[in-house]
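We begin with a single chain expressed as structure tokens, specifically the form predicted on its own.
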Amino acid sequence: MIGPKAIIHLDSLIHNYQLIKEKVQNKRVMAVVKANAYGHGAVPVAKALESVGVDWFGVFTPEEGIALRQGGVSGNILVFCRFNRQFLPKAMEWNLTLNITSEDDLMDLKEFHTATGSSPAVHVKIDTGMTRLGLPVEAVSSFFKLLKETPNVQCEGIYSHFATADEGDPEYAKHQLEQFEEVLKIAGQMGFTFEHIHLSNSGSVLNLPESFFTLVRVGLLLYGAFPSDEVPKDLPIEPVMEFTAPVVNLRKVNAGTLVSYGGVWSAPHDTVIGVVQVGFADGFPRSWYEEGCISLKGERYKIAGRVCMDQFTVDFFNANVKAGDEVLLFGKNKTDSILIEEISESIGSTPYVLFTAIGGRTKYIFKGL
């Protein structure tokens, strides 16, 4: 197939994990591999991390967890999405850990255990200020009282999620941390201890070490990108994805020639326009054309006109380029580098959005292990 390639450098993934492991004082790390490992390929990524000792993986849906199991991943898998009693048989079959956020969830688990004699392990999620999923802090005493009355529920963990840990002002994150610590105090007073306690994410790994507890959830940092431009960037992580595409056509045009949809770009001089076979249907960010570029043989060349669904055009001017050459869209290789953070900051997006958009006709190639 002639088209875009996502070359996944698993050696860079392992490099990033080892840096993070040291940064979090050798706490256990939960690798977040939801959304196809942020567009990097969930099963190969999880298996590579499992080979160096990672034994917890975070997914969003039971189906994502089942896909890991079918791919040969044996470690613990926590499902982040809202608890549904319909998940329970599959959770048992595939050894998935679910999250619970209400007393109703406890009752569903109790009924399932009564009917089957078993139930899956669960972690209780606390809402400390994200105001999304989670048990409200003011409801924890009542919840723990009911949990004590349902001893067959295997509640092995407790966690919450930061809303602002990747922002420059730490105050709200510290407030959430205080809320979580208060919940742990209440749980302890009621006789509960949890094997797995987790709050930290990629942002707080960099700027809030007091949030590490017993397990640290990490997503974006593993893949070699920083969650925002407001966090310390002193961890020497490496991009894991090298996103490339081929030049499939070259054409000389005169100054003033209009290029691509809308005619919003015209050649500033006599030049060579190249067609690169990747478009927004494959995850290339459409709005990047205004300030965007590609890199080839150590040089950058500007995108010429609007990105199309399947391809886009580049002003190659006097470049040493031929049809069949592979250009770098983002990532890093031996001669070229365009960090995904540069693109996201330019277009007002985030690496999360850009990574998870990769798809369409993109061919995945895994290297490094």
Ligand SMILES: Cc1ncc(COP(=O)(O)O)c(C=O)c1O
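This structure is a prediction, so every number in the text was calculated from the model and none was measured. Sequential numbering from 1, following the sequence displayed.
In what follows, reference is made to the form predicted together with the named molecule, a form of this protein that is not presented.
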| property | result |
| --- | --- |
| Which of 331-339, 305-313, 30-38, 49-57 sits within 4.5 Å of the named molecule in the predicted complex, heavy atom basis | 30-38 |
| Non-hydrogen atom contact S202 with the named molecule in the predicted complex at 4.5 angstroms | yes |
| K145, heavy atom within 4.5 angstroms of the named molecule in the predicted complex | no |
| Touches the named molecule in the predicted complex: H161 (any heavy atom, 4.5 Å) | yes |
| K125: touches the named molecule in the predicted complex, heavy atom cutoff 4.5 angstroms | yes |
| One residue of L184, V259, L220, L177 in contact with the named molecule, assessed in the predicted complex (non-hydrogen atom, 4.5 angstroms) | L220 |
| Contact residue in the predicted complex, from W288, F194, F80, F280 (heavy atom within 4.5 Å of the named molecule) | F80 |
| Within 4.5 Å of the named molecule in the predicted complex: residues from 328-364 (heavy atom criterion) | Y352 |
